[in-house]
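Next up: just one chain, as structure tokens, the form predicted alone.
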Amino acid sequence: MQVQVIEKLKAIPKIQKYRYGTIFLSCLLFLGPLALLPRLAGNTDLCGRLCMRRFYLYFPGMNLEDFFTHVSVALIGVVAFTTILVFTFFFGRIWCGFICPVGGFAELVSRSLNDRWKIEFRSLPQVQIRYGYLATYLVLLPALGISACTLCNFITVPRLVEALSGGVTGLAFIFSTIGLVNLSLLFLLGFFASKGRAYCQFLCPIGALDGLVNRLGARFGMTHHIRVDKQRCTGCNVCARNCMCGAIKMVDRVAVVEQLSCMSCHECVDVCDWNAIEWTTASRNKVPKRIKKGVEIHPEPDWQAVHFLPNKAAVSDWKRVNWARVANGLIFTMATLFVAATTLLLK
């Protein structure tokens, strides 16, 4: 048994060992009983001044003064959140994939469990669910008076770790009604989800906003993101099967990365035997250079991060409609109308 465990650990790619190590270190630094970094800010958890999930919520009748009040209350969280988005734009979702102690804790537990117990969520329409919930989280729940802390893994995971270490506050939260609901979500969408990241993909507002910035950053050639060279891709589907976020689909037997879902975890790069997928910038040498006669030279990979539909004129009108964008547009429109209506009614 011990030999099998050792062999499995040796088989883990180097970058994944590094990633698991940084997540484990992050858990020690952010979560109880140590919670070293929160304690530097006078906290024992990721709430209050460290909260990155609440200051941008819209409340009916809210004005700029209210917004800046929320920012001042959670100033450290605002700075941390801004830093995360800047790094994501240039380097991909490093926070989500390599550092986040909340999603990372669920992933580490999930990967230590037998796969036969896991629930497969990756095939669900992630973008529609994620941004539909984000609109609900940002506007509808505050308008209904439902606290942003009601469904929050940034409370649940630290309290669970605190409870496991015998902390009274953690035990009291876990056995409360809200605690039991959140614990159920953590088990369902974390520990017993395939790869352990279903909560991150569906219900985390930080991940949803981070995904938007990741998609935007991937459009620029000088930024580092997960990119595919279509000429090298053989359509073997190994990267799609191993992607922990379900962010890779095969289109015309070529891997396509959905940057809204990709967490830059590098797992797809590790399993690709053809070096067709990489965390890199776009191709640099666009202009052909003079080549010495008789010297064989291979073209530089054409690394692409964002997929564009080919020749729309050859596609039927029905198939040309991007229904995912239609659904997201309707959600955004409804949320905007709700904000406008509540603002007018309260004036």
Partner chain sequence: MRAILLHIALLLLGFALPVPAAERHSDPDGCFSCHGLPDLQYVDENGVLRVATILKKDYYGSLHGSVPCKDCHRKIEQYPHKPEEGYVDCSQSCHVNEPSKGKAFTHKDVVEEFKKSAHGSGHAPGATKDFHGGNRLKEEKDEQNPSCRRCHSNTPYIVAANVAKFKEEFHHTDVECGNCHQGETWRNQFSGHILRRLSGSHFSKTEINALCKDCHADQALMEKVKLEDPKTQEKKPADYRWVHASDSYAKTLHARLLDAGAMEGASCLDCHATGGNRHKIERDEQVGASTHLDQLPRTCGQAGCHGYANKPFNEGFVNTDMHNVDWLRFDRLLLLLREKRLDSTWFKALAVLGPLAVLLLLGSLLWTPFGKRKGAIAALLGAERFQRVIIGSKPNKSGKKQQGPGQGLLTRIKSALGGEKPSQPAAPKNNPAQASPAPADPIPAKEESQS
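Residue numbers count along the first chain shown, from 1. Everything quoted here is computed from the prediction, not taken from an experiment.
The form predicted together with the partner chain is left out here; the points below concern that form.
Does at least one non-hydrogen atom of Phe220 fall within 4.5 angstroms of the partner chain in the predicted complex?
-> No, Phe220 sits far enough from the partner chain in the predicted complex that none of its heavy atoms falls within 4.5 Å.
Non-hydrogen atom contact Ile119 with the partner chain in the predicted complex at 4.5 angstroms | Yes.
Do Gly77 and the partner chain share at least one heavy atom pair within 4.5 Å in the predicted complex?
-> No, no contact at 4.5 Å.
Determine whether any heavy atom of Leu85 comes within 4.5 Å of a heavy atom of the partner chain in the predicted complex, and answer yes or no.
-> Leu85: no contact with the partner chain in the predicted complex.
Answer option from Tyr199, Phe105, Phe173, Trp95, heavy atom within 4.5 Å of the partner chain in the predicted complex = Contact check passes for Phe173.
Contact residue in the predicted complex, chosen from Cys268, Ala276, Ile155, Leu134 - any heavy atom within 4.5 Å of the partner chain = Here the answer is residue option Ile155.
So which stretch, 85-93, 224-232, 205-213, 248-256, is the one near the partner chain in the predicted complex (non-hydrogen atoms, 4.5 Å)?
-> In short, 248-256.
For 173-198: residues with a non-hydrogen atom within 4.5 angstroms of the partner chain in the predicted complex?
-> Residues within 4.5 Å: Phe173, Phe175, Ser176, Thr177, Ile178, Leu180, Val181, Ser184, Leu185, Phe187, Leu188, Phe192.
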